[in-house]
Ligand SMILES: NC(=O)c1ccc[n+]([C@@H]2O[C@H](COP(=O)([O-])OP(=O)(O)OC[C@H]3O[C@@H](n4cnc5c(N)ncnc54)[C@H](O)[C@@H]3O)[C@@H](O)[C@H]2O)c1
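Shown next as structure tokens: one chain only, the form predicted alone.
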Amino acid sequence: MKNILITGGAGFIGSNIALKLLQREKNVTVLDNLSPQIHGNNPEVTSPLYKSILNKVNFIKGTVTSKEDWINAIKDQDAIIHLAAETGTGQSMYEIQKYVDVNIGGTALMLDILANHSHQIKKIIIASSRAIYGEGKYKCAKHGIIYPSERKDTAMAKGDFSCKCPICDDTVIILPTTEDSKIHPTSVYGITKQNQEQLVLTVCKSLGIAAVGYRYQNVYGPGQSLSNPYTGILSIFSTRIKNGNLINIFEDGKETRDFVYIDDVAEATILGLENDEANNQVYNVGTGVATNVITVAETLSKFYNIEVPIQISGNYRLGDIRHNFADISKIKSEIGFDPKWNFENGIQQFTKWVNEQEIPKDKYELSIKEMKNKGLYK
């Protein structure tokens, strides 16, 4: 496959994949709407992501909600890496129509075109998310493997942020989440990613197109947006630290995520594109290591050599999960993915890059005010 279309290819993950595909002498086309929330109002000046691919790929400014843009972009392509999506978990809870239209509607439009128009697409990579698992996989001392329901507002208001067994209500222990774990997203964003994955895997099978679903964990690294206050805890904390502002850590700070470095994510994605063993499979893409939020804040402060107050506030967002880290044994054994970057080394590279950037105005408080007004932040 020589000609590859990347939707959202000017974004953080997409631009990195594009550059790696160019190194493999692929012809890359990018379809992207250059959202101001990610790229600023003047992308050619303000967006290092867009500038990194400018004049290197066939760039189409357009949207996945436009049939005309899709038809134009798909022409002469061999494969599609479908990354374009609205991504903020908290934001998704009050911009429901937008998330459904872009994430589900855009994917449905792509598949409708492939079902009803001539094309040469042989494979589709669909970007799914850890968010489809909701709280992921846990173990109860009495009832074994269980999948907790969304945490109760009443319990979190009292400072109890732990996940409970849905049978006996005892506190449970987190386990690595496998691909066969229960799918039960707790946010609109997670629901849309689940639908995207299901649509692609189901329809592509009927069309004779190979499909691969990637359930990305928390992707980070040089190039991620520092100006978007809705996504990316590393960017949010970095902007706070560099502006000398207090870091407000939600809950008790012991909530964990699986942080996977952007180079590893790009390599994993391309492995799925190049290997037939990945066809019609879904994979977790992570490190298999859980890192808590206090560690994130302290590690960033260390590498920036800037001390700011770190407040463990007990605040929380409705729809947030407590823990999730990936079991990556399937992707290791089937297509040979093995992450090369640990959290410490990845953060060192990320903070080095941030130190070279112009630090944007901190919009965090505005995002919190917006969520408070919607009743989603406590």
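As the structure is a computational prediction, the values presented were derived from the model and not from experiment. Note that residue numbering follows the sequence shown and begins at 1.
Quick note: we don't show the form predicted in complex with the ligand, though the next part is all about it.
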- prompt: Heavy atoms within 4.5 Å of the ligand in the predicted bound form: which of the stretches 350-358, 365-373, 8-16, 21-29 has them?
  reply: 8-16
- request: Find the only residue in T87, N284, T269, S238 having a heavy atom within 4.5 Å of the ligand in the predicted bound form.
  value: T87
- prompt: Using a 4.5 Å cut on heavy atoms, which of I331, I321, V57, I38 is close to the ligand in the predicted bound form?
  reply: I38
- request: Decide whether P43 counts as a contact residue for the ligand in the predicted bound form under a heavy atom distance cut-off of 4.5 Å.
  value: no
query: Heavy atom to heavy atom, is V102 within 4.5 Å of the ligand in the predicted bound form?
result: yes
4.5 Å heavy atom contact, L34 to the ligand in the predicted bound form: yes
- request: Classify V212 as contacting or not contacting the ligand in the predicted bound form by the rule of any non-hydrogen atom within 4.5 angstroms, answering yes or no.
  value: no
field: Site test, L83, S128 and N218 vs the ligand in the predicted bound form, non-hydrogen atom cutoff 4.5 Å
entry: yes
message: At 4.5 Å, heavy atom to heavy atom, what parts of 160-199 sit next to the ligand in the predicted bound form? List them in sequence order, or say none.
response: Y189, K193
